[in-house]
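This document starts with one chain, in the form predicted alone, laid out as structure tokens.
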């Protein structure tokens, strides 16, 4: 595998759902009702309903990076900012573009976007090129 400046990584697209939210809660131990309880989320969520875990979106970003880097061991660093909530039921696409390559390490600008164009995640990663 060889990455070059300007390369676009294969994106990961996923619909959030109550099932994915409950599964992520079980895996992570984060049982905040904002992520699965419509009544509670309706009172506190900026979307008016449950939202996906931010770390779930980061995990999907990491999946994309690992595929490009030849496996999870090739992901050297990932820093993200969760810019907007991801409502349950919405589909998001996580993408990345190589912005630099030096000494076998690629810097990748990453992002997550809903179908309507709302950016839910931005960041930078370093992966083996």
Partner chain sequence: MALNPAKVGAVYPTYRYEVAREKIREYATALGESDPRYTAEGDDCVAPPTFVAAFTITRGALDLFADPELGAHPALVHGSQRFVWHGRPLRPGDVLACTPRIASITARGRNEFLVIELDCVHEGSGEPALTAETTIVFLGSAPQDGAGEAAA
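Positions refer to the first chain, counted from 1. Since the model is a prediction, treat every value here as computed from it, not as a measurement.
Omitted from view is the form predicted together with the partner chain, to which the following refers.
Put simply, residue 49 is far from the partner chain in the predicted bound form: not one heavy atom of it is within 4.5 Å. Contact check for residue 29: a heavy atom falls within 4.5 Å of the partner chain in the predicted bound form. Within this chain, residue 98 is remote from the site of the partner chain in the predicted bound form, having no heavy atom within 4.5 Å. A residue is said to contact a partner when one of its heavy atoms sits within 4.5 Å of a partner heavy atom; residue 73 meets this definition for the partner chain in the predicted bound form. Although the partner is absent from the chain shown here, 23, 62 and 80 each have a heavy atom within 4.5 Å of the partner chain in the predicted bound form.
Scanning 43 to 58 for heavy atoms within 4.5 Å of the partner chain in the predicted bound form gives 55, 56, 58 in sequence order.
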